[in-house]
Each structure stands twice: as C-alpha cells, then as structure tokens.
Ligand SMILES: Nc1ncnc2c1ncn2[C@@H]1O[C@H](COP(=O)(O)OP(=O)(O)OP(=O)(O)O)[C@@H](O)[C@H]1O
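This document starts with one chain, in the form predicted alone, laid out as structure tokens.
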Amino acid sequence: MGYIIGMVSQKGGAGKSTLARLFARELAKDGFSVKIADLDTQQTTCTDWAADRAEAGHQPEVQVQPFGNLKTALAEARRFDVYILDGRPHSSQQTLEIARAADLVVIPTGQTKDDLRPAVKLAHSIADSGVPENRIAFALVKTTNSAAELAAAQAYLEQTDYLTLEGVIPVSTAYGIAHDNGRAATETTHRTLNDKAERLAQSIINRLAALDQSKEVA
C-alpha cells in the first residue's frame, strides 16, 4: 500500500518544498519509489529543483511532475510507495482537498507567533473538515539558534491536539546553496545540518509507521 503525504501551508515560503524535497530524497535513497506532485504551478519550485538535480547527475534521482489540478495528480498516486503533494499556498479549497486525500498532512511553521498562529489555524480548519487529528503534524523550519525560542515554539504547539515532528530545519545559507545545486537538506556540506534534516525526515517515516499500526489495531 502506498502513502500520500500532503505538504500544505497558508503562507508562501513556509518550507513546504524544502520538506517535500528532503523527504523524497531520503526515501529514494532507501530504495522506495517516490514522486513529488508539484501543484504550485506558479512557482514550480520542486520541478525546477528536480531539473537541476538531474542535470548535475545527483543520485538518487527524484521524480517530480507539475500538475494543474489535484484530481489529475492523484490518478497515479498509488503507483508509488510514497506520493508527495506539494500544494499551493493561500489555496484553501485545494489545501483541504489535499488534506482529505493524504495519509499524513505536514504543516511547516517557523518559531515566531506570526508563523505559529496561522499554522495552528490551518490545522484546526483541516481537522474541522473531517481529517482525523492524528493525521496532522507540524514541522519546525527556519528556526534560529536560540534554544529558548525553539522551546517556546514547541511548547506553543504542544498545547494543540496535533503532533510536532522531531528535528528542525534551521536558518542556514547552506540549505539554500544545496537547493540551488539540486540537492536536498540532507546533502549540504555540513554534517550537523544534514543530521538535523535527517532527524526530521525520520520523524515523518516514524509517524507513517505509527498510523499504519493504529489501522491494524483498529
């Protein structure tokens, strides 16, 4: 059985595409068949990145395809072990449709309240549309080096009924350089940054496994 993961946000530049590329690369590295459906046709961030990656000859190859609508994208989802939907920001209807189709919905957020509040509101709207709360998770991205600020953000999210994934993607030019060269967040030249990103990717994998187990018990 394949998994569908939805990367959604209400703000542009929140980190959806960073997470989609990270997770796709890690799964492909481990031998899973994975594809990103790039639904943000105005930006096509993942599509352009995949072209840069292929041109540079980086392995593993990551499949990415742009789609104009969700229905077309979902038509081939079950052909893959994991199918990642990278949605458009500020698209309430598409966001809810992605959330309903996904086995796991990941909402990236920064650590300030300007980022946390809309992320939590989005999670509430997704849950209100009928998506189970245990299928919604936050991912902290663009965090600073302040342990106190990070702890405050984690505490804020812990007050909700949704999971906060382990690991973070901190602010670093090294991630941007990696993306510019067709690499993912685990492929920078800095081991510590790669480890942080890898921990986040593993947390998503762990969450999918936990959801699988809960289905078997049910």
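Throughout, we count residues from 1 along the sequence that is shown. Note that this is a predicted model, so its numbers are computed, not measured.
Absent from the display: the form predicted together with this ligand. The rest refers to it.
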property	result
Complete contact of Gly2, Arg78 and Pro132 with this ligand in the model of the complex (any heavy atom, 4.5 Å)	no
Contacting member of Gln63, Gln43, Asn181, Thr160, with respect to this ligand in the model of the complex [4.5 Å, heavy atom]	Gln43
Residue (of Ile169, Ala50, Leu165, Leu70) lying close to this ligand in the model of the complex, criterion heavy atoms within 4.5 Å	Ile169
Partner contact for Arg21 in the model of the complex: this ligand, 4.5 angstroms, heavy atom	yes
Contact of Arg199 with this ligand in the model of the complex (heavy atom, 4.5 Å)	no
4.5 Å heavy atom contact, Ala14 to this ligand in the model of the complex	yes
Heavy atom of Val141 within 4.5 Å of this ligand in the model of the complex	yes
Answer range among 51-59, 152-160, 26-34, 170-178 for contact with this ligand, defined in the model of the complex as heavy atoms within 4.5 Å	170-178
Within 4.5 Å of this ligand in the model of the complex: residues from 113-139 (heavy atom criterion)	none
